[in-house]
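In the structure tokens that follow, a single protein chain appears in two forms: structure 1, then structure 2.
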Structure 1
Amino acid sequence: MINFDVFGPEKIIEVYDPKTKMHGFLVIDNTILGPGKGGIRMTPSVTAQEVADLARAMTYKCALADLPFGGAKSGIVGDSRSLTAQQKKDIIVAFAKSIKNLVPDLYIAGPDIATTQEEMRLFAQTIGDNKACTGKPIDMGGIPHELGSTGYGVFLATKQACEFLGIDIKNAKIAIEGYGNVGSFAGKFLTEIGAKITHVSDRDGLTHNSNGLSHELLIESIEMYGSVIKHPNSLVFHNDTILEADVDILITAAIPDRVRLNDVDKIKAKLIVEGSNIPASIEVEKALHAKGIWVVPDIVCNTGGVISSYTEHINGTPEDMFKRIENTIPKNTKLILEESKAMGKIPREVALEIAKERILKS
């Protein structure tokens, strides 16, 4: 059952189109700071509850990132792989038509699982307003995902957290869980400042070299074999072993619930940066904190994507986007870690308090 509280959700909309069999949900969680921002995912199992949880996460993320956006999310029930291109288009058009009266004043869409810039093109065209969504193709003023906005923010948060903890980032050993959009860009920017990445995992395994892995060779391995595990001169292990890696810093950039309670004692890293969404529950984060492991929460460090969305929304350039990330994520990381230390609370609790205060004060 969806819970209501002081923030929302303000609207829970379930739509169905008998002609295309489009069945979707839109949850607009909170619009105090601005129109609800959140992507459209298409999965066979999506539910109103899942969409509501994701919409709430967007409310907090946008508040923390100092954006004039609220939180929202959409979900369309369907397996995009079993649909023809035309069926998928018809479903997106039907969904856009069914929520048209709310867009973009109360809801601004974006891509998420199984929706890309082409679906965003169609969505904006159906609504008849370029402001209907972000993540559009370049010819419609979109800022491409391939610039690595989220990975850049994760990199900056890592650097800032290292300063706070007195870790010399250039001499630290770093593990990255997942080397897709988020992980590979975090890896690229870390490599550029001379940091040493010793462990990288993906769907197929974990590759390790204690002298450091090469970002270029990791990308080459992905391009040629679809995985990082063919990086030359490295040892290959099961991807689960990333948590036991003998490193100073662990960056998560793959799956939710990666770190469970029974993993806490295995972890050697002193710092975990949550590039992925919800890699650990609050209980796990409390256990990590009790063990002296600092966590930079997802809602603080992986907001580069939504900052990029906002920049696109106001017709900004990629340069504006990078600047805005530089002005937001390190500042928030520092604030949350310092307050956490001063108040004896875990960083997520502090981050949530700050986000809630920013919303309720305005």
Structure 2
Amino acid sequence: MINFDVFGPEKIIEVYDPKTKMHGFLVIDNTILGPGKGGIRMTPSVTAQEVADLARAMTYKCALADLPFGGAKSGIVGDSRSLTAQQKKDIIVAFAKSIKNLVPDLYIAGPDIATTQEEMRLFAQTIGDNKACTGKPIDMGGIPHELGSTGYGVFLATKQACEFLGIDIKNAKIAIEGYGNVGSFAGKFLTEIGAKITHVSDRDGLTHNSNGLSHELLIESIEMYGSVIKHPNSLVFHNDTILEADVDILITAAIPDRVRLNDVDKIKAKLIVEGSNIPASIEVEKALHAKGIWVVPDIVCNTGGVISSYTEHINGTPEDMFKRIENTIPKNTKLILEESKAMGKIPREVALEIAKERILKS
């Protein structure tokens, strides 16, 4: 059940197009700081509740990143793998037309699960306004998320959290749940500084090598076989075992609600960095913290995407975007972890208090 409070949500819209069978949701959670910002995801299981939860997370993310955006999110029910290219285009066009009167004054879209810069091109063209979305192709003045903005922020948050906890990142063992746009770029930047990624999972399974997995070979496996499990010289297990990996750091970078209460006792990692959106409830994070496992919450560490979106929105460059991420995410990660330790609260509680205060003061 979607909850309403002092922050929102302001609008919940459900749309359907009989011709294309497009069924979608838009939740504009809060526009106090600016128009609601949030991507369009396409999955078979997306619901209004999921979209509302993600929209609220965007409200807090934008406040924490000091951006003049509110929070919003879109979801389209569908499996992109079973759609033809034309069917997917028709669905995106139908969704854009159905919410056109709200864009970009109250809602600015962006890419998310199963949507890319090309869907953003189509969305902006359908709306008839380049400001309708971010994450557009470069030829439209965009800064595509394919440049790795979110993964770069997750990498920086991981590095900062390791400094806080006294973990030598180059000698640490790291597991990454999901190796899509977020996980793969986090993996790329981590391996470039000499960190060792020993476990990587996707929907088809988990690949493991205690001596470290090659980022280049993981990408090659994905490009050739559609999965990380074809990485050479590795062992393959069920993807659920990623949470039980004997590692120092676990990075979540795929689905919501990935870590549940019955998983807490299985987790061996000392640090969890939430590259994915809402991978654990606050109850789960409290249980992890009680066990001595530190969690860098999603609303702190995976804000690289929305920072990129803002940079594009004000006609900045990719260089501006990476610099803004470098100036924001490590600082926020350090602040949240230090305040958490000093106040005896979990990091998410501290982050939420800061975000809510900024919104209510506006």
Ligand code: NAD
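These figures come from a predicted structure and were not determined experimentally. Here, residue number means position along structure 1's sequence, counting from 1. Between two forms, the rigid core is the largest collection of C-alphas that superpose within 1.5 Å.
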Could you let me know which number goes with the form predicted together with nicotinamide-adenine-dinucleotide?
1
Would you say residue 95 moves between structures 1 and 2, meaning its CA shifts by 2 Å or more once the core is fitted?
yes
Once you overlay the rigid core, does the Cα of residue 224 travel 2 Å or further between structures 1 and 2?
no
After the core is matched up, is the C-alpha of residue 312 off by 2 Å or more between structures 1 and 2?
no
Keeping the rigid core superposed, can you check how far the CA atom of residue 25 moves between structures 1 and 2, in angstrom?
5.0
